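Quick heads-up: it's one chain on its own, the form predicted on its own, in structure tokens.
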Amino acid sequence: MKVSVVIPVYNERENLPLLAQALQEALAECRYPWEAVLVDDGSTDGSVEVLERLAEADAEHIRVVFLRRNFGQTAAIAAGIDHATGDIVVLMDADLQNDPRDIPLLVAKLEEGYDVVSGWRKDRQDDFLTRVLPSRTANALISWVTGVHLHDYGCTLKAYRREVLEGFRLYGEMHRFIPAYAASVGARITEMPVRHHPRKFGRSKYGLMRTLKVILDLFTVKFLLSYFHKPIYLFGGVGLALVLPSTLLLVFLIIRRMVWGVALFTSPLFQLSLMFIILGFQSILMGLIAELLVRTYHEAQGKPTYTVRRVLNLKQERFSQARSRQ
């Protein structure tokens, strides 16, 4: 197997030489061949020149991808994963708060039969009010919504088997949700405490606004994990929740008009019931359209609705033929 360490870089000029040295020392005794894929996300502080020197000094291990502008951490990680060649992909930050010495430990944990090993900054060296507390709140919310319970979704230091990273694209701030995506295809997930150091150089690019973005992305993640294959359950459920009570209310108003002579059309309840009935039918129709889109997605691209962990005594050609018939 080969280990690929994917590292997004944005304005980390002072940290990069120390990071490269720490990687070489930590992975020197690794029994697997390794590479470090550093993705420059539009740095403006001279990180580009430092990365060029590091790549020249260690062409065997250092790979560098330069993005045209700053696309954000998730896009940089996606680019690194796309350019990595390893069977095991380890993600980490470039600010030296993650410790490269933990990488062999994460890989060793994968060898116990896991597909994802998530780092847990148990003794986190960040400001409590602005970093730690919002992170803990976000972790609890993500664990509750996705059903994948981890202490530290925000810790970039994680190890993955390559196959659990296939089949989905990353947008927004969704790199932190990769374990949840992996769980949706049956990945075995665990976590382990990792070292965490105070930042020595530069400043953090994260703020409280990032927590808001994560919460908004969580809506998308929940939809993709729970309703992507059957969107009618979401849209149809909302539609029925609007149509049925509104219909009963409309029947009550009609009976009230016939029995007690109370005006029907001048009642605001009549207008509300009609509005919610219309909205409910629209939601159901949107669900039906979404169902057509899902089927087009799977059938036009030949994407199966399942994932295979492994096969026994089955030739690969038969599996390929089965996929081509879907």
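Predicted model only: the values in this text are computed from it and were never measured. For every residue, the number given is its place in the sequence shown, counted from 1.
There is another form of this protein, the form predicted in complex with uridine-5'-diphosphate (UDP), and it is not shown here; the text below is about that form.
Colleague: Pick from 161-169, 224-232, 239-247, 72-80: which stretch has a heavy atom within 4.5 Å of uridine-5'-diphosphate (UDP) in the predicted bound form?
Modeller: It is the stretch 72-80.
Colleague: Taking a heavy atom within 4.5 Å as contact, would all three of 136, 141 and 211 count as contacting uridine-5'-diphosphate (UDP) in the predicted bound form?
Modeller: So, no: the whole triplet misses uridine-5'-diphosphate (UDP).
Colleague: With uridine-5'-diphosphate (UDP) left out of view, which of 122, 149, 199, 101 would have a heavy atom within 4.5 Å of it in the predicted bound form?
Modeller: Answer to the contact question: 199.
Colleague: Among the candidate residues 195, 188, 131, 256, which is the single one with a non-hydrogen atom no more than 4.5 Å from uridine-5'-diphosphate (UDP) in the predicted bound form?
Modeller: Among 195, 188, 131, 256, a heavy atom within 4.5 Å of uridine-5'-diphosphate (UDP) in the predicted bound form occurs only for 131.
Colleague: Would residue 178 count as touching uridine-5'-diphosphate (UDP) in the predicted bound form under a 4.5 Å heavy atom rule?
Modeller: Result no; residue 178 lies far from uridine-5'-diphosphate (UDP) in the predicted bound form.
Colleague: May I ask you to state whether residue 95 is within 4.5 Å of uridine-5'-diphosphate (UDP) in the predicted bound form, using heavy atom distances?
Modeller: Taking the distances in the predicted bound form, the answer for residue 95 is yes, it comes within 4.5 Å of uridine-5'-diphosphate (UDP).
Colleague: Does uridine-5'-diphosphate (UDP) come within 4.5 Å of any heavy atom of residue 204 in the predicted bound form?
Modeller: Judged by the heavy-atom cut-off of 4.5 Å, residue 204 is in contact with uridine-5'-diphosphate (UDP) in the predicted bound form.
Colleague: Going by uridine-5'-diphosphate (UDP) in the predicted bound form, which residues of 1-23 come within 4.5 Å of it through any heavy atom?
Modeller: Sequence-ordered list: 8, 9, 10, 12.
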